[in-house]
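Shown here is one chain on its own, the form predicted alone, set out as structure tokens.
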């Protein structure tokens, strides 16, 4: 990406407003007015066919008439005129187009949008929008938008897909006291998208934290790569998380893979911290822009009220940072700063008698102690204390501790004096909130940020003992037979080509062939219908288990064929699979979908009723390293079953992680062919005993005619 071109677009030293107006109420009037009132120091060129003067500035009939250079053109003329104006901008040497105008893909005019981008690229320009509010930048004194004013100054940057929401958040910055250097509307993302913005803002010296409001991504994998490489924290609020494509999904995984689950997985892998709502986006942005990540697990809470301490304890548990009692040496020191009826465990209750000195001394000691990884300080306003005095004591203690690599957050519960004290703390670099829950939540965000960075530090190293060519040959033969759903035998052969352990399975077309295969494989065996028209074999009565003799095999063959025909009279039946019956163990499921945004995506969960009813699954964007795969095993609620809960022997999670990592490579290598897959069930045995795929399904992509 050419950052210099984006600099011209997003930090322009000169701006043309195409469609500028002297008539109040028009967007062309508002954009010029906002540029003037924001103190913009670059050249402003109003463009209007009538020429003359607009708001005291000389107007030009065309950008081609402007005597000086133009970095960016803010375009507010009707959509139908944008292509012609874009071409003139290209001829003039403009770097970027800020297309505020609407009437493009959001109303079905994709063709018009594509035309504008093609013209822009022909001249080396980039396009922001269309259908946007514009650009707001405090450091550039630039309000090139129809938002009413620049946001409260700060070190964060917000990129929003929703223009209306950006305007609302702009005003909220003054109420919430959360500062932003930049707010940028991205609209339809016809050209410049979130991946571009993350890369550009990561190089922007005025941005310490990148906040995103996301409705959808255009290039999910490039976004992940840029976010993973970013040196600054990124926080995202994702809307529109309802399931997509579930109605047409043919596999378990397809029906479970709602877009929200996959976006969550992608953002985690990319090191992006998620926000749950708008308030949470503000809260977490404030903390991430002011504080370092929390590298360890030990959170200490210091309070003057038992009630807020209990609330904060509940919040810590809820957000994944359960509290531990402080070491004895820490408790002994903290007891010096509280009455006998106080508590030095965790939360540390200094009691309602605590004034500035107790707070300051406790915070300074605790924050510097090696056991403490993060600190939450709570204060309930009392008649005996001045909130501002407490705030100054906290700030002095944090500064005197000399600690710069641990996070701290504060919550004051009280009235106007407490509100004033919290504003002062924020101005002095310490995030402060009116709710204890929020103060704990932002520390959790800082912990999430550190953990996501750890996850991104385990790159995937491809397995070399795989036979991609053999897998593609199987797919080629299936394509030749006009099949999208591979048979179980074909699917397992592809899994085997990638070094995954599968239960030995062969296809029989007659009773006698089934008997021969059963005796070759060894009893007991399982028999299953093989038909691309019958995906869920059990529903069709197409599965028989624990068969131990030739007579049982013959009877099972006849029954399975009869049941399948009764289930679907016109089903294309290839035969009956004869499979070694794997010993009993713990059932899990592996799955994949080829997501339209992120491409190959793998799923893991417990098998059987756990996936059918509880839907207890987790996702990752493929490929995943064995270390990342191992982490997936702990993501599900049923993880203790694999870890060996209640006296059970731990299961072979290392074998399962290796299997899942190989599986992720398979779906990536064959992404041009595969749409969905399931390995269900996979039987995992006790530690060092391995795992085996019992049933498998691969569904190919539709071939475009």
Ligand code: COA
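Bear in mind the structure is a predicted one, so any value in this text is a computation, not a measurement. Positions refer to the first chain, counted from 1.
Here the subject shifts to the form predicted in complex with coenzyme A, a form of this protein not shown in this document.
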Coenzyme A contact in the predicted complex: residue 50, any heavy atom under 4.5 Å: yes
Close approach of residue 320 to coenzyme A in the predicted complex, 4.5 Å, heavy atom: no
Residue 590, heavy atom within 4.5 angstroms of coenzyme A in the predicted complex: no
Any non-hydrogen atom of residue 26 within 4.5 angstroms of coenzyme A in the predicted complex: yes
Residue stretch of 130-138, 626-634, 413-421, 500-508 approaching coenzyme A in the predicted complex, non-hydrogen atom distance within 4.5 Å: 130-138
In the predicted complex, the one of 108, 462, 78, 402 near coenzyme A [non-hydrogen atom within 4.5 angstroms]: 78
Contact residue in the predicted complex, chosen from 20, 694, 9, 691 - any heavy atom within 4.5 Å of coenzyme A: 20
Heavy atom distance at most 4.5 Å to coenzyme A in the predicted complex, all of 598, 659 and 667: no
Residues within 4.5 Å of coenzyme A in the predicted complex, restricted to 90-108 and counted by heavy atom: 100, 101, 102
